[in-house]
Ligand SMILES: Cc1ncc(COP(=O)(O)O)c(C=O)c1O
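This document starts with one chain, in the form predicted alone, laid out as C-alpha cells.
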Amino acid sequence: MAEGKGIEGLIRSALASLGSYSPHKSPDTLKGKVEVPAESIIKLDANENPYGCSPKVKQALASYPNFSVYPDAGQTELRQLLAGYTGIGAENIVAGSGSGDLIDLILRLFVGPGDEVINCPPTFDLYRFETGISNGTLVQVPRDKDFAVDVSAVGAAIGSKTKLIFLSNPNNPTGTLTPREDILKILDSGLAVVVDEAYYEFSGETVLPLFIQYQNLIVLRTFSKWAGLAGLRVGYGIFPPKIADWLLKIKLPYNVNVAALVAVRESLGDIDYLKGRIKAIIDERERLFKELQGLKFLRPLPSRANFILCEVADGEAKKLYQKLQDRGILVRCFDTPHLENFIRISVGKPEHTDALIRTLKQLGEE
C-alpha cells in the first residue's frame, strides 16, 4: 500500500485529473433554499418529459407480479420489442440502463490505455467523462461558432490510435443537427462512429437508413426523453451483429431491470398517446423560442430537440441561473469551454413557459 496514503493510494492514478460529470439538481435538495416550496419548483434543467410516462406504464407496474425474479439477461423480449419499433433486427440491438450504460460498454469494448476517442464539444459531457474512466485519450475537435461539426478538422485529428468518434445528433446542449453528408464523410473514415440519437423523436431525423451500408455505424437511443422513463433508466443501441454479441458478453448480466422492461412494453403499446405528447412538446418548443426571442438579454438558438440553448448578454449567465433558481425555476448552466455564457432551458408545459417568461421579464426590469 502506498505509504502514508492509506487505501486512497491504491486508486488508479489516471483518475486524478478527471473532472466529474455534473448532473442536474434534484428539487428535494433545494428544500428551504429557494423562495418556493420544493413541490412548486419548475424543473427545466434535465430535458425530461414534463408529461411523464404513459398511464399504461403506471397501471402495469402496479400489478406486475414478479419483481422477485431476475430479468432475462439475454434481453430476448426487450430486443424483440425494440426491433419492432426501429425496424432493425433484434440481433443488432442491445439495451442498457440508460444510454449512458451503453456509452460505458462501447468504450470498454473498443478503447484501452492510449487509444484515442474523438469528441466534438460542446456536446454531451458523458463522452469525455467515460473516455477518462476507460483510460482512453480524448481528442477534442471543437465545433465552429455556429456549433456545427468541423468535418475537416475531425478528419485531420484521426490518427493510428483513433478508435471511436462520438456525434450527438441532435446535439446536446445546442439542439443542432449534423447534416447527413457530414456524417457520411465521417463514416467513410472506417472508424467506429457512435451517433447518439437521444432526441430523435423530437427531430424526426435519423441515420438508421445508413445502417446496412455502414458496418462501422452505431446508433444510440433512449426512452428517458420522449417516453418519460428517465427514472427507470432504459436505453438501447443498434450495432453490427458481431458487436452486439460482444456487448451482450461483457455487460453486467441484469443491466436492465424488469420494471424498465414492463415500461418499454407498455410505452410501445401506447405510441399514439406518446406521439401526442411529443407533438405538444414540439409545439411548446416553438412558442418558447419565440417568447425568448422577445427578451433583449437572451439569444436563443433554434433547436430540434426538447430544449433551447440561450446565450446570455453581458456575461451574466451564472447570475441569471442563480436568480431563476432562487425563484424556484431550474435551468442548466455550464462551466465548460464554449458555453461559459449560456443556459439551457428544457421545454415544459405551457404553464411552465408562462412562469419562466414572466420571471425572466421581471428579472430584466431589476
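Position 1 is the first residue in the sequence shown; the rest follow in order. It should be emphasised that the depicted structure is a prediction, and the values quoted were computed from it without experimental measurement.
The next section is about a form of this same protein that is not shown, the form predicted in complex with this ligand.
Enquirer: Looking at the partner-bound form in the predicted bound form, is Phe124 within 4.5 Å of this ligand by any heavy atom?
Expert: The answer is yes: Phe124 has a heavy atom within 4.5 Å of this ligand.
Enquirer: Taking any heavy atom pair closer than or equal to 4.5 Å as contact, tell me whether Tyr199 reaches this ligand in the predicted bound form.
Expert: Within the cut-off, so yes.
Enquirer: Do Gly100 and this ligand share at least one heavy atom pair within 4.5 Å in the predicted bound form?
Expert: Close contact exists here: in the predicted bound form, Gly100 approaches this ligand to within 4.5 Å, heavy atoms only.
Enquirer: Taking 4.5 angstroms as the cut-off for heavy atoms, does Thr222 touch this ligand in the predicted bound form?
Expert: Although this ligand is absent here, Thr222 would touch it in the predicted bound form, with heavy atoms inside 4.5 Å.
Enquirer: Considering this ligand in the predicted bound form, which of Thr131, Ser168, Thr174, Ser267 comes within 4.5 Å of it through any heavy atom?
Expert: Here the answer is residue option Ser168.
Enquirer: Report the residue, out of Arg233, Arg143, Arg79, Arg277, that has at least one non-hydrogen atom within 4.5 angstroms of this ligand in the predicted bound form.
Expert: Answer to the contact question: Arg233.
Enquirer: Of the listed stretches (222 to 230, 256 to 264, 79 to 87, 106 to 114), which one has a non-hydrogen atom within 4.5 Å of this ligand in the predicted bound form?
Expert: Of the stretches listed, the one contacting the partner is 222 to 230.
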